[in-house]
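Next up: a single chain in structure tokens, the form predicted alone.
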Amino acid sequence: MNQPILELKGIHKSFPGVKALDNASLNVYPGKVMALMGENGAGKSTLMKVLTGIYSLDDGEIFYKNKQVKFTGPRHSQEAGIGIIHQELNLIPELTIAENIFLGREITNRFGAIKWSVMFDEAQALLDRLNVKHKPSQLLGELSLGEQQMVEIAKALSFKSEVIIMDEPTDALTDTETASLFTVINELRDEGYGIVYISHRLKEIFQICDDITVLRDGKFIAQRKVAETDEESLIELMVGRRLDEQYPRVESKHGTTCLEVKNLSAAGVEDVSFTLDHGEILGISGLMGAGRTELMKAIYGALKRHSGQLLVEGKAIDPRSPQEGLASGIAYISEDRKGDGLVLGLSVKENMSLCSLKYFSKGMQLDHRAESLAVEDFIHLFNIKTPSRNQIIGNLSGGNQQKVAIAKGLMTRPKILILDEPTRGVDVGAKKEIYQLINQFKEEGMSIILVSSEMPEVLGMSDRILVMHQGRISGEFMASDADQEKIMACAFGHNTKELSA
């Protein structure tokens, strides 16, 4: 293997009550894609923040181009040639593509006036290189998420970066956008760039990466060549144990009908009808833009319904807001946990009990002891890794934030739990724990709707599966009759009758 362009050796970093990194290491090679793998909370993001100078290291060494370095902040590391593309894009939709690429370092003349033509020409050259079919003068907010991701890469290249770090780059991309991103990554690799690729999607690791570095509990565990490992052994390195069954479906008898949806229409949803039983997991599949989230929000009251009826346990309901949805016994866990699900500046306890305070109120007073006991019960039940219930939730890993978001919904004591992409951005170990919890609620008689873009998840966990296409139900299958081919055919517009013909 060639000489690393970037080496992190024996990195230690502690926070009050938490040892985030404990002798962590990483090598990045020119012309190679290095996967950085580990469960949520393994230390991946912390290691990248230490590298780029957001956090100062407690101990260890960083070598870049054979010289020991210590970056004082993101701008320092960027100017040295290390670009990072964060999971949440750091772009401003109201500015143009060129303004985003050169934000804070605009090309100016000696009097300080911006040289727009030069800046637009340089931005155009970067866009052409990445095959982005937009003008530098176009507003960023008019681009798709995948195209915005390309602008982030253009921004990194504009710093003359030689190392590019990509943190969950495909998390919100369509399959087409992901394929375009992989084409760019392959081109960058061929041009000699060193790339760090952080993702929980194991399939992508084997598709795009050359080598794998695994962290666990802040420690360096192993470095492997992709060609010399497989999915099962990689999972074992990440979680420290074998996961015998990735999707632990529990067979149980369904109860009576809990939810009836009759001829529901809303923005992005057209004449949808279905039922959901007590103790049933109903999977909702379909391509991005098929109307899955819109349907869930219309049921929950977060999206206005144009027509249709909703019945919970035979009683008609008419939720016109999320509060009314909760009052009707429906809890919705958003796919966007940071935007819609959690308040990142509040504590674990405050987030978890936010929608359930009525259960801990005595007159005008809040029973803080009862609230704290209930939160502690969920922290234990969900195995949430946090120093205490008072920890700011923004400091937790993505998987632990997701567990808190689900616990928040459950604390409202719902009859119906809607989980919209519940394991997006969550590692395999945390996924297994979430699946086991879902099964536990199912056995207790809760009705669950599972919306997921991951086909194996829908097939592995659901009792029954609905497929959506352009706002309508295009297919319905019992789990025993479903397979990926049938679901994909319905997702592209074929209906169940056509498949059985």
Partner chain sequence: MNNKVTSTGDSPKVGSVINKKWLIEQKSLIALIMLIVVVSFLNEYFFTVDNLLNILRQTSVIAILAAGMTLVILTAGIDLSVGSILALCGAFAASMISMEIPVLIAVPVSLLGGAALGSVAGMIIAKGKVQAFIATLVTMTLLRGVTMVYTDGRPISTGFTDVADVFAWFGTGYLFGIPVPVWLMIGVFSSIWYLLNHTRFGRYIYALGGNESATLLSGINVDRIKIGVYSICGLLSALAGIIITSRLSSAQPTAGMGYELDAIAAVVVGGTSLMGGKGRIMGTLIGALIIGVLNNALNLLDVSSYYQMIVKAVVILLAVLVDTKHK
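Predicted, not measured: the structure shown is a model, and the values here were computed from it. Residue numbers count along the first chain shown, from 1.
The form predicted together with the partner chain exists for this protein as well; it is not shown, and the discussion that follows is about that form.
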Would the partner chain be touched by all three of P322, L326 and S353 in the predicted bound form, meaning a heavy atom each within 4.5 Å?
yes
When the contact criterion is heavy atoms within 4.5 Å, does Y332 count as touching the partner chain in the predicted bound form?
yes
Is L215 near the partner chain? Define near as a heavy atom within 4.5 Å, in the predicted bound form.
no
Does any part of K349 reach within 4.5 Å of the partner chain in the predicted bound form? Heavy atoms only, please.
yes
Can any non-hydrogen atom of S361 be found within 4.5 angstroms of the partner chain in the predicted bound form?
yes
Only one of L127, L237, A302, L157 gets a heavy atom within 4.5 Å of the partner chain in the predicted bound form. Which one?
A302
Single option in G279, G81, P414, G341 placed near the partner chain in the predicted bound form, where near means a heavy atom within 4.5 Å
G341
Of 127-135, 385-393, 219-227, 146-154, which is the one stretch near the partner chain in the predicted bound form, taking non-hydrogen atoms within 4.5 angstroms as near?
385-393
